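Listed next as structure tokens is one chain, alone, in the form predicted on its own.
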Amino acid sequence: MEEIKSIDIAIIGAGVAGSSAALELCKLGFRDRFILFEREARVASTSRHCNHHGFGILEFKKPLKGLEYATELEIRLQKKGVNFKLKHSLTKIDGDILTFSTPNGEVQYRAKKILFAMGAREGTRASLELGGGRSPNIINTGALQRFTYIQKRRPFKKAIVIGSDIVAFSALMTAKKAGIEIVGMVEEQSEIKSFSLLKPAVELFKQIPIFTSAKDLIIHTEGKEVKSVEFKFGNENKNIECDGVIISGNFTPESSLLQQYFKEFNTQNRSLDIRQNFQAQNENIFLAGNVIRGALSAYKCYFEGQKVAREIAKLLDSKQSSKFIKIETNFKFDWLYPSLVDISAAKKSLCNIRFKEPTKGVLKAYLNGRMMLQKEIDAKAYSTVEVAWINIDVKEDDSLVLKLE
């Protein structure tokens, strides 16, 4: 192994958030002080598979397909002269030392600041605990996009989509491009997880039946072929014939390495605790994009990457340390950001919470056992609730607890 190389900033992941952070650091005059690391052979590899419109309008002021969007990011990085290392897979984190596996062996870098922007991975049949038989025709949205746009082939003719995240509608558009008939969208929650306005749009323009509150899903197979998907829908037993299943959404942060090497890993958030400025408990660590919370729209990751780059630039050569307290909770959620409150930083809100299921109740904030705030909650599944900032002095040894009652 070569000797350890020293750099100021390491950006791990050249997806949308990581690439955006790199471009912003160049704009701020830090081009020669960071390296952008990516395990794939190209930047923004996930967007390359989404060869439909819906990208770029806010970031680049022009409508783009996913492949065009990824190409635009790549061109901008090249024009700025960004130093990026492709086919570098992060395998170990030892304090400020990062170990990468590359086609030429292992290499190590020591970085003053590290930005983790590894993105998220789509759910699998195993993660959803779906019953029934096995078949190569049970795939996720990413695989469908690879079949359609990269390999130029149709994996099946008639399919059911399981899940209703926003990426499910990407699956619908990809299926249309491939000539696959979608015979239903099945969701276990009482409402679709993506924007509620999309439900009537799908039913009206796509003529696709949507089954919410579906329970006990079973995929029936014969040999290696999918035959149907069975589930309970209200008081009925549905059994819809198909020859393929698309498991869509249910994203989880690509944070397994973080869980392995950081004791402050938040298992409920499935990522590290972070402050308002995207800084972790370790002041040299920052996070941005989908590694914080699972899948977000590309434009949100892009602007988040810009924000975290500005924070890193501001703090890179600073010796000042900040103080924070952790937000504790007594309820389940999909994600909570920030989960650390920086005492000295300006705050517009206390935190944002996204719930996995429709949630009603009274959210109360307690500081050292004294209730300081309460808010009525009536949230839809996978919608985000903003909790206003408590305009009080907070000290490092204070206790801040959110309770849903």
Ligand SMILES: Cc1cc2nc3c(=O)[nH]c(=O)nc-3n(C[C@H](O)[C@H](O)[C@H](O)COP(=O)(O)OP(=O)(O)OC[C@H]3O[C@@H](n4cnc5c(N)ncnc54)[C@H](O)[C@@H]3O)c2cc1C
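Owing to the predicted nature of the structure, the values given are computational and were not obtained by experimental measurement. Note that residue numbering begins at 1 and tracks the sequence as displayed.
Below, we turn to the form predicted together with this ligand, even though it does not appear here.
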Item checked: Selected contact from R33, H52, K380, R354, since only one has a non-hydrogen atom within 4.5 angstroms of this ligand in the model of the complex -> H52
Checklist line | Heavy atom of T141 within 4.5 Å of this ligand in the model of the complex | finding: yes
Next item on the list: May I ask you to check whether S170 falls inside a 4.5 Å heavy atom distance of this ligand in the model of the complex?
Entry: yes
Margin query: At 4.5 Å between heavy atoms, is L23 in contact with this ligand in the model of the complex?
Written below: no
Checklist line | Contact of R39 with this ligand in the model of the complex (heavy atom, 4.5 Å) | finding: yes
Margin query: in the model of the complex, does every one of M118, F251 and A298 come within 4.5 Å of this ligand, counting any heavy atom?
Written below: yes
Next item on the list: Can you check 336-344, 25-33, 52-60, 367-375 and let me know which stretch has heavy atoms within 4.5 Å of this ligand in the model of the complex?
Entry: 52-60
Checklist line | in the model of the complex, residues of 259-287 near this ligand [heavy atom within 4.5 Å] | finding: none
